[in-house]
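The chain below stands alone and is given as structure tokens, in the form predicted on its own.
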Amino acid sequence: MSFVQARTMPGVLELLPLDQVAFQAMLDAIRRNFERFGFLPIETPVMEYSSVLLTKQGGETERQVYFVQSTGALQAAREGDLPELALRFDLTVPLARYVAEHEHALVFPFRRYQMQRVYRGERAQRGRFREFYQCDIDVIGKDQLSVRHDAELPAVIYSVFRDLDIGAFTIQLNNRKLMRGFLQQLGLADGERQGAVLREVDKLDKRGLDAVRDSLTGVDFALAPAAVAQLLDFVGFRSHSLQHALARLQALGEGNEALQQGRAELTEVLQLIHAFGVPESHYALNLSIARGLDYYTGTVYETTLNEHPQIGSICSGGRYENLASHYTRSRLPGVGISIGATRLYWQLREAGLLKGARSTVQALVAQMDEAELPRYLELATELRGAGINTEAVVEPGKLARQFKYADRAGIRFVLVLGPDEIAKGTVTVKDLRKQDQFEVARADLVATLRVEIEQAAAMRGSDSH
């Protein structure tokens, strides 16, 4: 018999159980904080109509989309037509379709979070994924949405990454209206050309000052050196306190309408972030942040780890004027952020920033005598009923092998109920983490284990802060 090689396709993250526990703990922390701020969950199908997915994005995205190749779709492709269905490549387009379709049943402002896998035909390379989790929140308004919501999202970001405990981080903010207004003052009025310049400026922290200057004065942009010097001086600002940021905005003067709007919005957002309880050390005005997509029209965010800038942005997003313009006549402005959880987990693991994961199984009921199996199962059922995750050994085997299994599986407590314990009404508890063993009355077992588990959780919490 010949075997097919067992392998996964490039660009997917398949984890061993304890690594999966760590990844799931990250998702749980993100979900917990999204819900803490009053966001409600939705899910959308992994497949959408191709006409819906490709309405706004065009050719570049089409080259990264995975079409659903059923037998009928393959036949259609041979005839020159796109398959009817495709896998979603982000959660924003499905959200736009969702809001347009359910608009009359939703309550606005609509506050949703969504944590699901998305699919892109990325070129296979280290750290780039074809299947990955995105964790998004958005606030969608009907006709209008106050800029005050733009200040709430950094508070969510702060809460998430404080709980994840992955080191010092900074939420960097800017406003595209402010930047477009400044470009107008430099004589650059064309919208498409402004967008191209903003995309180039957005690469400043990654490519460096000289590379961006050379690009803007080169043949592709052909901007005057004096204008480029003014632009690079403007976008080089990074605030170190709230007052520093507000003073810089005030110093811009009156300017044109776009600049005034951007300055007013940023001023209000920065002040309210402080009111939302985010420490000044965790957010800053960075006038080079633009985000690459022209989709964003106002406030934009990027979050970076202070000691690991090479990781890049770990959470980004911004304000947009009309989420679902291709699907409804209603005007639906919004603001949102996204965490690429799969890539973030991979990056943190590669940088050694993740703590070792522990099994979600807290206790193992060992088997001493096969004839006493009903007694062992009864004990396991009692522990589960008390909220203690418990596995019971159902096949006979040497006790030493059962201890070895528990140790390799990361299970902390092994419970032994032998003839002596049964006669005395006790249980022997082996704590593999402390390499300790004690005997406890059967009636006190649940309370004793709870105390041990809660003490360990409290110690992990104190170690994190």
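A residue's number is simply how far along the shown sequence it sits, counting from 1. So that the term is clear: the rigid core is the largest set of C-alpha atoms that superpose within 1.5 Å between two forms. Here the structure is a predicted model, which is why all the values come from computation and not from measurement.
Absent from the display: the form predicted in complex with the RNA. The rest refers to it.
Worksheet item: Want to guess which of 235 to 243, 279 to 287, 114 to 122, 148 to 156 is within 4.5 Å of the RNA in the model of the complex, heavy atoms only?
Response: Checking each option against the 4.5 Å cut-off leaves 114 to 122.
task = Would you check, heavy atoms only and a 4.5 Å threshold, whether G340 touches the RNA in the model of the complex?
result = G340 belongs to the contact set for the RNA.
- request: Using a 4.5 Å heavy atom cut-off, state whether P17 contacts the RNA in the model of the complex.
  value: Residue-level check for P17: no, no contact with the RNA.
Discussion item. Can you tell me whether V416 touches the RNA? I mean in the model of the complex, with a 4.5 angstroms heavy atom cut-off.
Written reply: Yes, contact at 4.5 Å.
Answer for R180 alone: is it within 4.5 Å of the RNA in the model of the complex, judged on heavy atom distances? No, R180 is distant from the partner.
Looking at L223, L259, M368, V93 here, can you tell me which has any non-hydrogen atom within 4.5 angstroms of the RNA in the model of the complex?
When the RNA is considered in the model of the complex, the option within 4.5 Å is M368.
Exercise. Just one of K142, R207, R193, R248 has a heavy atom within 4.5 angstroms of the RNA in the model of the complex, so which one?
Worked result: Contact residue from the list: R207.
What residues of 388 to 408, in sequence order, lie within 4.5 Å of the RNA in the model of the complex by heavy atom? Read in sequence order, the residues that approach the RNA (within 4.5 Å, in the model of the complex) are K398, L399, A400, R401, F403, K404, D407, R408.
2 Å or more on the CA of A363 between this form and the one not shown, with the rigid core superposed, yes or no? After core superposition, the C-alpha of A363 moves less than 2 Å between this form and the one not shown.
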